[in-house]
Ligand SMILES: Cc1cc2nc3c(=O)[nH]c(=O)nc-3n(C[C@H](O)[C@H](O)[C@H](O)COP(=O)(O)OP(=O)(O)OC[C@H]3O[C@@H](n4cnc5c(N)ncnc54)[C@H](O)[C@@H]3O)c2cc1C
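The chain below stands alone, shown as structure tokens; this is the form predicted alone.
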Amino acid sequence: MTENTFDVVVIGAGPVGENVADRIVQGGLTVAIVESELVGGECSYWACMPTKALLRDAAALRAVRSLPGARAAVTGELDAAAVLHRRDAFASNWDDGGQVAWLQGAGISLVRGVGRISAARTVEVTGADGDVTVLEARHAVVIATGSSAVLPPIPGLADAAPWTSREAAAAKAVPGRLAIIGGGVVGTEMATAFSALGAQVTMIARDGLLPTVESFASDLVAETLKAQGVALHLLTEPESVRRDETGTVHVALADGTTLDADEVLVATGRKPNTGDLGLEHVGLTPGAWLHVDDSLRVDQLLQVVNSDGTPVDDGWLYAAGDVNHRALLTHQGKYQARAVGDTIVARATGAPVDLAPWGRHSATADERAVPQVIFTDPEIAAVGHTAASAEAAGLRIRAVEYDVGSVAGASLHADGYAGRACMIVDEDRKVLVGFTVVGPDVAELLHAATIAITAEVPIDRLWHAVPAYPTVSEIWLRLLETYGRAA
């Protein structure tokens, strides 16, 4: 058994853990990071990067085919093998050597193996050879172990060797028939990708397609999927799944329909990777989401007090990224990581900690301005509230919509451009609190909305942010004109 002491120990070397560790080192403290799989995590090998690589070729081909002159130059279909080969490159061929080199260059110590908390500030790491390394943290332990796919309790599903997002992102071949259970982001993006690559895709979505986004956006994606040959079975669910001796998967639906496929992808949600962390040794529940306070400390420990009213725990345990269930998005986890790292350094060095809204150490955007792009056809880009969530939060709002295809820049961008945008205005403060846009290539419109919401730019001031003509960004002018300038 080997023992080592660091200022901070981070469990999980995905994008979140890497960013926490980097901030710790930049703050002058020492850090060890623990990883049982590939350094770089889910996003690098089984999510963000490989899935967007799967989608990009088809998006580029659609863009070419939307212009008559460019369309005339295209004579073939997508080369699926070439798409998969490029995807492999973006997943670094599932080799983390480059990420490990980055850690070493940044001064971060890597410990390979399964990390488990055995006591306060103590992490035991069991390597592949069974050797145990004990890591002691002077100041903090940060859990950044992410999440993994949930398999719902559908009879026969587990025995049918289903795909999760990992198998879909790393697929070595395109199945002839793919059934997808789930209508959320993963399900719709993979339906878009594999349909374009030549698979016959069927989707089963109990709660409808993309139920948490504005309906005008999800409706347009549903229309496009159907036009591309994707069969949608909405508001029903599988009652059983069976893979027969030939390898065919049979999915029996609650409405009496039976579907056949070569592979079945399950995309019905995520669970926290906290089941094997030793949480029981510090009074927490294994397998549960970790709730945190405004500084991203695990607040369940802070709620236990001594007889004199002081906390039993002095705030040594933090959770960043998916495991705290605040916003299950890589970029939001990296944002949290910066806040966590800087907070730990400040507390360790006695510097002031600013937890006021939008303060340096506060992850305020988790509650007010979470941006997301859904890379379907067409793309959906959204940040902040939808109309429904704003009303549920008790805000007095006005929702303003406009047809993106009517903007000159959009009509130049693609023939027959179809899209729509909506801004949500808090009528009491006269600031944006939400924005959603759907249409071809709208992802790059999102950051302007994110800035407007986080900076709380007054509607009157937005009038002075003049969009260049003719660009798709002119949608901002049209939304403001529809809203009507305040007197």
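Don't overthink the numbering: it's just position in the shown sequence, from 1. From a predicted model like this one, the values you see are computed outputs, not experimental measurements.
FYI, the form predicted in complex with this ligand isn't displayed, but the following is about it.
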Under a 4.5 angstroms heavy atom criterion, identify the one residue in 338, 177, 270, 121 near this ligand in the model of the complex. 270
Only hit among 448, 425, 29, 48 for heavy atom within 4.5 Å of this ligand in the model of the complex is 48
Location of this ligand contact in the model of the complex, chosen stretch of 57-65, 448-456, 37-45, 432-440 [non-hydrogen atom, 4.5 Å]: 37-45
Check 11, 52 and 144: does every one of them have a heavy atom within 4.5 Å of this ligand in the model of the complex? yes
In the model of the complex, does residue 409 have a heavy atom within 4.5 Å of this ligand? no
Does residue 16 reach this ligand in the model of the complex if we count a contact as any heavy atom within 4.5 Å? yes
Evaluate residue 113 for contact with this ligand in the model of the complex, applying a 4.5 angstroms cut-off between non-hydrogen atoms, and reply yes or no. yes
Although this ligand is absent from this view, report whether residue 99 comes within 4.5 Å of it in the model of the complex, heavy atoms only. no
Taking this ligand as it sits in the model of the complex, which residues of 322-352 have a non-hydrogen atom within 4.5 Å of it? Please list them. 322, 328, 329, 330, 331
